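First, one chain by itself: the form predicted on its own, in structure tokens.
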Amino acid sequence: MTTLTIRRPDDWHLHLRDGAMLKAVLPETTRHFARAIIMPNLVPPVVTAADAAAYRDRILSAKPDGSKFKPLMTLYLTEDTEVSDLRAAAEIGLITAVKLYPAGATTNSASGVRDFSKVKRVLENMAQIGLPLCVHGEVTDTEIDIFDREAVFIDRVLDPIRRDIPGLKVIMEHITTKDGVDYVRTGGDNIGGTITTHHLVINRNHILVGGIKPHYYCLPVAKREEHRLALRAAATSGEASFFLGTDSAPHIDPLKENACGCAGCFTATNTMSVLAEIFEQEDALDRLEAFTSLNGPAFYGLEPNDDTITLTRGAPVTYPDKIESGDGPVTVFDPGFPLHWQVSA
């Protein structure tokens, strides 16, 4: 196979930041993707309908000329989230989901939830109106090893919430473990899981062996090889519960390459090439469309995109090492192997 035409993909987990960074990185997504779930962890975070409307307008203003890209907005769940504001935003189609960050779990998550009992009423209302909850699935207890935080979150937090509010639709985002894969796979129709591009490529050795590689550092952190293989099997399976959420997260190089480097891999530029290479390696190119273009819309109750993209296989493709922003350079994720597929139309 040297060409592959699929429905235009969507990204169900994307960081665009704001200001100069937004203007620099947005074209890297709009080039190939029709829609994206936009993360709300700005400073300050997007916590109200008014915040979401203002951020949406800034994104739309930053779109390249002629782009039809549609940002799907989310609210940042806090212990002070107002049910009336959330319901009003959902009813007019302003928001597509709500994002749960355990306080301190990742970049700009200090305003997240500490006491989950304080958001129960919000979650119950979300279940009533069918508004999905996007979850950063890690506990933040200092006594829990960072490589175990996803598995512990499932047991301590996620499963109790889902048993208490069975009608709540949940997306366990950027799963990184076999535990996460198994939980999504056996959890029923109300749970889905997004998988990032970079977690299909790297394990924890890529970050640590031969010196610390800051541009492979992300949260949730990459795990053992057995977990990466479980993620690849899930992504390439065609199963409807798994779909693409890149978690593409731009940080300027000085903030990545310092004594306390920021977490995140910037993959928006070359994701489709990397994914095609992976799916070809797994003899699953016929399932790439399901993972990138069909399963996500189905889970969110949306129609897939009408238009298509075509990937062509040929000589290795080159991408820029960095994207320049008004704030500084952003390093593009390097998968560490040649990419032979590129979007040609």
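In case it trips you up, residue 1 is the first one in the sequence shown, and so on. Here the structure is a predicted model, which means the values were calculated and not measured.
Absent from the display: the form predicted in complex with a small molecule. The rest refers to it.
**Student:** Would G264 show up as a contact with the small molecule in the model of the complex if we use heavy atoms at 4.5 Å?
**Tutor:** Within the cut-off, so yes.
**Student:** Is A233 near the small molecule? Define near as a heavy atom within 4.5 Å, in the model of the complex.
**Tutor:** Output for A233 is no: heavy atoms all beyond 4.5 Å of the small molecule.
**Student:** Mark T29 yes when one of its heavy atoms lies within 4.5 Å of a heavy atom of the small molecule in the model of the complex, and no otherwise.
**Tutor:** No, T29 is distant from the partner.
**Student:** Is L244 close enough to the small molecule in the model of the complex to count, meaning some heavy atom within 4.5 Å?
**Tutor:** Close contact is absent here: in the model of the complex, L244 is far from the small molecule, nothing within 4.5 Å, heavy atoms only.
**Student:** Of these, V113, C218, V274, A97, which has a heavy atom no more than 4.5 Å from the small molecule in the model of the complex?
**Tutor:** Exactly one residue meets the criterion: C218.
**Student:** Since exactly one of N270, T197, T74, T106 fits, which has a heavy atom within 4.5 Å of the small molecule in the model of the complex?
**Tutor:** The residue from N270, T197, T74, T106 that makes the contact is T106.
**Student:** Name the stretch, out of 248 to 256, 207 to 215, 187 to 195, 85 to 93, where some heavy atom lies within 4.5 Å of the small molecule in the model of the complex.
**Tutor:** Stretch 248 to 256 is the one.
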